[in-house]
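Below you will find one chain, with nothing else, as structure tokens; this is the form predicted on its own, and questions on how it binds or moves follow later.
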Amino acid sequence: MTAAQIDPKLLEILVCPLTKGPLKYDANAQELISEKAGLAYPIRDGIPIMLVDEARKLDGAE
């Protein structure tokens, strides 16, 4: 079974809720990455969870 994919049009309009900056899609980890905020937002069952409280801090992020 392959991992759920994010609609490219959805990715174009989603931004980090903390910084309002762009997000990168990490298909392997099923996360949306905000480099500016140093956070990775999880994608569960194909649905991005855009809550700062649910995000994982990236390695090296303060």
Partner chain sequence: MTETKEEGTNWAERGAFWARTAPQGLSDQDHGNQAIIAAAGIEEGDHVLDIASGAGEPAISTAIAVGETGSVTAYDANPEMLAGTRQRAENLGLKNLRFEIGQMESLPFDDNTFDAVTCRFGIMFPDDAVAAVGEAVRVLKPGGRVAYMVHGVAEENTLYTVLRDTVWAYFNEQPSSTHNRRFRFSKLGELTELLTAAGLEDIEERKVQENQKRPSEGRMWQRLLDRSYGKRLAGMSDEQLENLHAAIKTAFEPYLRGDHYELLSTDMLGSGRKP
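Positions refer to the first chain, counted from 1. Here the structure is a predicted model, which means the values were calculated and not measured.
Only in words, not in the display: the form predicted in complex with the partner chain, which the text now covers.
- Although the partner is absent here, residue 17 is a contact residue: one of its heavy atoms lies within 4.5 angstroms of the partner chain in the predicted bound form.
- Residue 9 belongs to the set of residues with a heavy atom inside 4.5 Å of the partner chain in the predicted bound form.
- Mapping the unseen interface onto this chain, residue 48 counts among the residues with a heavy atom inside 4.5 Å of the partner chain in the predicted bound form.
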